[in-house]
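Only one chain comes next, encoded as structure tokens, the form predicted on its own.
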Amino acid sequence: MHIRRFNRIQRLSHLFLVVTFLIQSGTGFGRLYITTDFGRSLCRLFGGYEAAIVIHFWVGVAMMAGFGGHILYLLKRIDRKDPVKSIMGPDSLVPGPQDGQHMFQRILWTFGLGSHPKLDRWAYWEKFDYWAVFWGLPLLAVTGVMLRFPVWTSIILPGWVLNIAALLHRAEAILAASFIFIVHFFIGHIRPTSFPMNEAMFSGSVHLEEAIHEKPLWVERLKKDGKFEQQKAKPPALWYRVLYYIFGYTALGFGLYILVNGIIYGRYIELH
């Protein structure tokens, strides 16, 4: 038996974010490392050095449009009758005191000093994943627009602000890529309980036994609230599983290619 974890809008939003993030990583790192074979090979994938920056800008615009749509989606989901529960309740991604308790309990469990924490719908690391992207996107967008239109920026702000913008944009891009390609990929797909892939975001559902093991409080709450039957779902078709396995590991391979070569060629970063 499978239980539904993500709806269609959430899954499509995740897919959109994956594709746009990979494009931004390829075009951005291609230009950053343009003095190396690694950078030139990335730029060739997108039509060359000049084409890469055009693609980078417009995909960035698409990402921010998606970010705006996500904000509207969140606002629509707030229960006007009980906004506090909507924002701070167990179905919310807003961190709460229980997340700190779960993290501390997990540390104790790791060293054999306590029991495994009983998690609800969202684990503390999933909330961290979410907010890492949430605050990073506006920073990349603002600094990206400033760098794309330096003359307009200099009319409004002192010229030295562009140096700060370039530093912030580059640092946040490297931080985001490193986090996604190392931490998120490992926690999401490589750790023993998820390997060879956490299929929830692609299929929209998880096996009931997995849900009970990973998020027992969520399953208990669904049963208590009488929503368990509504959350039952069919397992994904074989052809669909094959499709998202190919896509997922292609994305993982591309991300690791950027990460490994970014480390190898780090001393050749083009600063201009």
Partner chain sequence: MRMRVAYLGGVLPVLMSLSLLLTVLPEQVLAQGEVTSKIYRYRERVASGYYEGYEVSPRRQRARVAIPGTPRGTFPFGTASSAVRLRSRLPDSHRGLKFYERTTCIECHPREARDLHSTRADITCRQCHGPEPIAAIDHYYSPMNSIRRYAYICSKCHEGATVNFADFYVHEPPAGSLETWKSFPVLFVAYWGMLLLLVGTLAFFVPHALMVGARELTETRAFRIPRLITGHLFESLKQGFRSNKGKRSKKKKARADEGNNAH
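Note that the coordinates shown come from a computational prediction; the quantities given were computed from them, not determined experimentally. Numbering follows the first chain given and starts at 1.
Keep in mind that the form predicted in complex with its partner chain is missing from the display, and what follows is about it.
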property	result
Heavy atom of Arg121 within 4.5 Å of its partner chain in the predicted bound form	no
Contact flag, Leu252 vs its partner chain in the predicted bound form, heavy atom cut 4.5 Å	yes
Its partner chain contact at Pro97 in the predicted bound form, heavy atom, 4.5 Å	no
Contact flag, Ile212 vs its partner chain in the predicted bound form, heavy atom cut 4.5 Å	yes
Listed residue that, although its partner chain is not shown, lies within 4.5 Å of it in the predicted bound form (heavy atoms), from Leu157, Met88, Ile78, Val142	Leu157
Triplet Arg44, Pro150 and Ala171 all within 4.5 Å of its partner chain in the predicted bound form via a heavy atom	yes
Heavy atom contacts to its partner chain in the predicted bound form at 4.5 Å, residues of 213 to 230 in sequence order	His213, Glu214, Pro216, Glu220, Lys223
